[in-house]
Every structure is written in structure tokens, then in C-alpha cells.
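Single chain ahead, by itself, as C-alpha cells, in the form predicted on its own.
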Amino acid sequence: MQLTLEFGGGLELLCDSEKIHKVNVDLPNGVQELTMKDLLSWVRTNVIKERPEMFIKGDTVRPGVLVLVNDCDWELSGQLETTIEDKDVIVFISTLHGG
């Protein structure tokens, strides 16, 4: 499954300062569809290069991280249960900034 992952608001610093990642994600064995819960686990293992605790807390994103799936807030589509499809664009933006 081909996906575009975008990181902003400082989260790109956890991914070698790359904002946009074009990735291929294989479905876990026996799974018919990819959910955000599956994707977050995959991102933690394959994309986040340092300080994963700044991105993930438990099995979800930390408070203060806005998640958009195809420009729609994931809170409107089921959060961790949101189904991901081929060619979807998932955006992660930290709303917490120092200053």
C-alpha cells in the first residue's frame, strides 16, 4: 500500500528533518485492512528515527499532535480505527511550540 506521510510543526525533526515520506506499507499477516493503529506502530518502527516518545504515547499520538487523513481530522473518522487506503495522505502536525 502506497502512502504519503507528512510531518510538520517540529515533528519532522524526529524523522531526519524530512517533512514528506512516500512509503510502502505491507498489511500485517491476516489483516484485511490497515487502520491508523497499525500505521502508527509501523511509523514508530520505520520512520521515526529519534525520540519516539515525542510522537507516540501508548498506542496513539501524544496530546497536541493533529492528525489529518486526506485533509480530514482523524477525530471525525474514528481515530485509531480509521481505515487507511492505498494512496492516502496522512499528515501529523505538532500544535505545541516553544517560544
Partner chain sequence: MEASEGKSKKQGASRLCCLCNQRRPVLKRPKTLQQICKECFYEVFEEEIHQVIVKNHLFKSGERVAIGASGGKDSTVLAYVLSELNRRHSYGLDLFLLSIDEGITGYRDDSLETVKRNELQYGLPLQILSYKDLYGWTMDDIVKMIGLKNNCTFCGVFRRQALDRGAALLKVDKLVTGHNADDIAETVLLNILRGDIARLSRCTSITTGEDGPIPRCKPFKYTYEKEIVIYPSLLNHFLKLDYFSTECIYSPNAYRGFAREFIKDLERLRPRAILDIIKSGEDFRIATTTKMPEQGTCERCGYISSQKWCKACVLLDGLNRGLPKMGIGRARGGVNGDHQKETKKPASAARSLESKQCGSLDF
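These numbers come from a predicted model, not from an experiment. Numbering follows the first chain given and starts at 1.
Quick note: we don't show the form predicted together with the partner chain, though the next part is all about it.
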| query | finding |
| --- | --- |
| Full three-residue contact with the partner chain in the model of the complex, heavy atom 4.5 Å, for Asn29, Ser41 and Glu50 | no |
| Proximity of Asn46 to the partner chain in the model of the complex, heavy atoms at 4.5 Å | no |
| Contact of Val23 with the partner chain in the model of the complex (heavy atom, 4.5 Å) | no |
| Touches the partner chain in the model of the complex: Glu18 (any heavy atom, 4.5 Å) | no |
| The partner chain contact at Lys37 in the model of the complex, heavy atom, 4.5 Å | no |
| Sequence-ordered residues of 37-76 touching the partner chain in the model of the complex, heavy atom within 4.5 Å | Met54, Lys57, Thr60, Val61, Arg62, Pro63, Gly64, Leu66, Leu68, Val69, Asn70, Asp71, Cys72, Asp73, Glu75, Leu76 |
